Structure formats: structure tokens, C-alpha cells
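Here's a solo chain for you in C-alpha cells, the form predicted on its own.
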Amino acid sequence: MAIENRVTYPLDEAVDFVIIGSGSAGGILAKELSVNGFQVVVLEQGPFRTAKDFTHDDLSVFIFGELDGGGNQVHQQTFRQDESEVATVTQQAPARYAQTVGGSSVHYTGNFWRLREVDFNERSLLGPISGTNFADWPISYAELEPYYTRVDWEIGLSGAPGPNDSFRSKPFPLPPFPIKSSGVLMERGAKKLGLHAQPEPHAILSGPLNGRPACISCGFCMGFGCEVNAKSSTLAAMIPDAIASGNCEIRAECAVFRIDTDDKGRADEVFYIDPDGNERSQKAKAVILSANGAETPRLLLNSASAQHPDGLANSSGFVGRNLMYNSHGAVRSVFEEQLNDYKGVQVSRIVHDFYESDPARGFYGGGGIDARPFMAAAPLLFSLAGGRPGGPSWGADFKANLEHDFTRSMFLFGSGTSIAQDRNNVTIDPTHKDRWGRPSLRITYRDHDDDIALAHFLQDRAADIAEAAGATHVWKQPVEHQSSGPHLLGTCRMGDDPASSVIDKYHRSHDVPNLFLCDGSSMVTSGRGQPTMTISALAFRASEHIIAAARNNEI
């Protein structure tokens, strides 16, 4: 991590930009703005870890919430399925994300799917869906493609095009990872069924790139930070350049609680709690909010004022609405021979034959299926949750199953669309507060019937693949209405109409001209289950337009 050229800005002098959040969007925006000469302060509520700080400690990561700020006992997020219920604090946070410099890009699995052309204009192709806010994006795949390519080469991707992928202007910078046992089995099963398995694109380096090393195949990608910087987090790929520019100050362990506006209605000051528990504020000429699809609307709603009684940037009433988790259906399978799939990246092959919505299915939605070890890559996690469905949960037979299944397990995950609905939203809980004293976020969520039908459909296809591949046991995990998710999408959507969106297609707030929002909240539709690459591409695109506007004195 470059440490030279570190800068410290005074609190009472307005910097060009304050960026709230340092993840897959905020980290990119920080780098792009600072290397182009703008003064940038990044406020991140998690600590500043580097590669040497990451471990393979299952207990610390999965049980004690090392990377996510300590779990929901700290966050006090609440959940309910509908507005008739009183929301309660759940054991697992309804909005799951990392609290660390680099955000969730530090602990993601690295599966990076581009959206396709259909994702941007699906409402026009299929028509409305009653009772939902299903809509087209104000931009197209062609407009975003150059920025997807920047993600490929500047963030760092490994992969190869699939048979039905959308066009790309440049090849992948690195080849795909070697196929794993689960990939071989997926290919075998898919071929028997007339389906097409293709290499999984990864935001993990299969070879050296941009001064960073290749993956060492430790197997601890899912949920863990990378101790060699081969995972293409913004911590590894963007933040060092931002700091080295001499224009970017990273303030870690600083929890933002309000954005203020001046008498002209412009954002001018960001209030936060520093690492010592003191309330501070930073003056700013412009503010960029990239906190994620749950924290961004929470901060806007908590920034209500006489000028903005319903929350900052919320004249439309769309702040917090249309939360999408993506739909999911899982299959677990066991094989006679050892797979030893715990080595290397999680996923090496995917099936995208069911990507597009098909009216013949009787419901909206599409998605992809991947094969992976899942929890069979983390010994402690498998010992806690790896018991066979319906089998013993204690004793000699339980232990014998764990010993047998750990090296012979393959999980298949169907990941697909969610539909935007008013009833799925982020609001402010009236009674609970987090450890900083900020009013907690409250999530209200119940999957659309089509989302549940899609999850079952993809799960059935995944079970077919496992059986065709020769699994000795196949179990379908129960498909239930979701109460938690790491994909936090759609809650401050972009659009041309200020009455039905929060930001314009350049990520500028319709209400506050020097306030920009860019993260999963910007997305209009959910995509097919892996949104992070699109969030990163949107950040590269947003930075280009923000820089142009700033240079033209249009902010």
C-alpha cells in the first residue's frame, strides 16, 4: 500500500469532493477524481486494513463479524416482511456488507458478470408487470460497455467470453482460472442436458496484472480478504493510486450521520463521528454518496431538514424504495469420489442458458447457475452447517458424514432477477440505534411471487445438472422469502423523470445539484445475480461525467 504523498485536509475548508464509502463505487470515484487533480476526502466507517491484516480465521470472519463491523448486535438493523409488522432486530443483518476500506469488494467472491442488452430495456420488451415499479434504464448496454472494459483492465479481471455474452470492445486482460472439480462436473452434467457451461469471469487475477500478483489458490475467497492483493478489490486496485496522487485523504473509522445543505439548497457539510467518538464535520463543494444500497438511503432519510422534510434528495419519495436482493435457489450434492474443491477460486464454470425471461415459463425472470464448494471451502463453516439435510446433527454418524462430505461436496446456485416493488424498501427504524447512536435502518422485504417461482425454476435446473453429473445425493435447499442479502440494489434509482427516480443518468441528484449518488442503489433493475461489476462500471462512467461537469463549473 502506497503511503507516500498522504494528505490531510482542514475540516473547515471546503474540499472539492467528500465521498462517503470506499467500496466498489466509492473507491473508483476516489481514484478517478484525485488523480485528475481534485481534492478528495473519503469517509469510511470501517478500519483501514491492508493485505497483511487478512486471515483465514473462519471463527473471526463468519461468527464474530470481523469484516462486517461486528454483526447485527452492533448495527441493530431491523426487519419485517410487511408494514403491518413491527420490525425486530435479527441475528443476521438484513443488509449484509463489509465495513472496511474497500467495502464489500474486500470480501466478495469475485464473480463478475456483465449485464446484457436485455437488462437495460426489458420493460419495453416485456411490458409492465402489475403492482411493480419495473422500468427501463435511462442508459443502454452500449453506453456502459466502455466502462465495463475499464473494469476489466483497471480493476483486473480473468475470464473468457461465453457463447451468448454481449459484445465487448476488448478481450479479457487475463485468461480464466483452471477448471476445478465442480467445473468439470458442471460441464459433464450440462452437456448431457444440452446446456452450455462457460468459464466464470473473476475479479481475481489468474496472472500478474498492474503490479499485482496472481492468485495463490488458497481457497479463502468467499467472505475473506485477500492476503496477497490478487482479489481485485478497490482496496488493492484503486485506493493506492488515490493516495499516491497526493490529493486523496482516507479517513477510516468515521461514521457519517448527516449531510447538511446551505440556504441555496446545496450540500455543503458532512457530519460524522470520528474514531474517538467525537462529532466532526467536513466542508465540501460537492458530495458523493457511495455507501451501498441500504446505507445510502438511510443517510439521505436521516438528513431530513426543513428544506428536505422527507429526507435529502427525496422529493420523488423514491429514496429507499424498490430494494432488490436478487433471487436465489440452491442445490447441494455429494459425489462418490473426492473433489477437493476447497482449493482455488470458488467458481470455475457457469451456465447462462436461462439468462433471459421466457413467457412460456409463466413468470418473469432469468438468471444463471454456478457450481462451487461454497461452505465446503471453509472447515469451521462446514462443521457448523454442513450436516446433511434430514440427517443426524450430532454423534458418530454426523461426524462421519462431515468427514466424508467435506471433500466430496458440490453446491449449485441459481441466481436471478428480483422485481422492484414499493413494498420492499429501506426506511428508518423509530426505536433502534446503532453503536454510533444513528437511527437504525429498517428493511421491509417480501419476494415477488415471480422471484420465488424463478428461484424454484433455477434450482430444479441445478438439480438436473447435479444428477446428470453423477451425484450420489442431491438435496434442494428450501426456497423461502428472503430476510437478508448482500445485494442491495435499486433504492435510489436513476431515471430521466424526477418524479419516479432519485438521480439522473449521470448520477446527479434531481433535487440537490452538487450531490451525487453511485452504488447499488443507482440500479434500475437487479440484473441476473452478480451486480458488482455493473456498480463498478457505473462508477467509472459517473466519474467521467462528474469530472467534466466540475471542469466546466457545472457543479
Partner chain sequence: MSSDALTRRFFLQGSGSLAGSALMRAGIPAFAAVSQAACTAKEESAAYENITNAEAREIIALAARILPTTDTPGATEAGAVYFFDKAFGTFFADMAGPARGMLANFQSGIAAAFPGAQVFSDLSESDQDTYLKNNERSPFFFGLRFLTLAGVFGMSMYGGNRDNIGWKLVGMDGPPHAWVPPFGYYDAEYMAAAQGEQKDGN
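No experiment lies behind these values; they were computed from the predicted model shown. Positions refer to the first chain, counted from 1.
FYI, the form predicted together with its partner chain isn't displayed, but the following is about it.
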#### Entry: Candidate stretches 267-275, 472-480, 234-242, 80-88, one within 4.5 Å of its partner chain in the predicted bound form by heavy atom
472-480
### Task
Taking 4.5 Å between heavy atoms as the contact cutoff, choose which of Q530, T525, Q45, S522 touches its partner chain in the predicted bound form.
Q530
### Task
Could you spot which one of S281, N302, N340, S166 gets a heavy atom to within 4.5 Å of its partner chain in the predicted bound form?
N340
### Task
State yes or no: in the predicted bound form, is some non-hydrogen atom of T417 no more than 4.5 angstroms from a non-hydrogen atom of its partner chain?
no
### Message
Can you work out whether S124 and its partner chain are in contact in the predicted bound form, taking contact to mean some heavy atom pair no more than 4.5 Å apart?
### Response
no
### Message
With a cut-off of 4.5 Å between heavy atoms, is G495 one of the residues that contacts its partner chain in the predicted bound form?
### Response
no
### Message
Against its partner chain in the predicted bound form, would P171 count as a contact residue? Criterion: heavy atoms within 4.5 Å.
### Response
no
### Message
Whether R6, G21 and F112 jointly form a contact site for its partner chain in the predicted bound form is the question; each needs a heavy atom within 4.5 Å.
### Response
no
### Task
Could you list which residues of 61-97 come within 4.5 Å of its partner chain in the predicted bound form, counting heavy atoms only?
F62, I63, F64, E66, G69, G70, G71, Q73, V74, Q91, Q92, R96
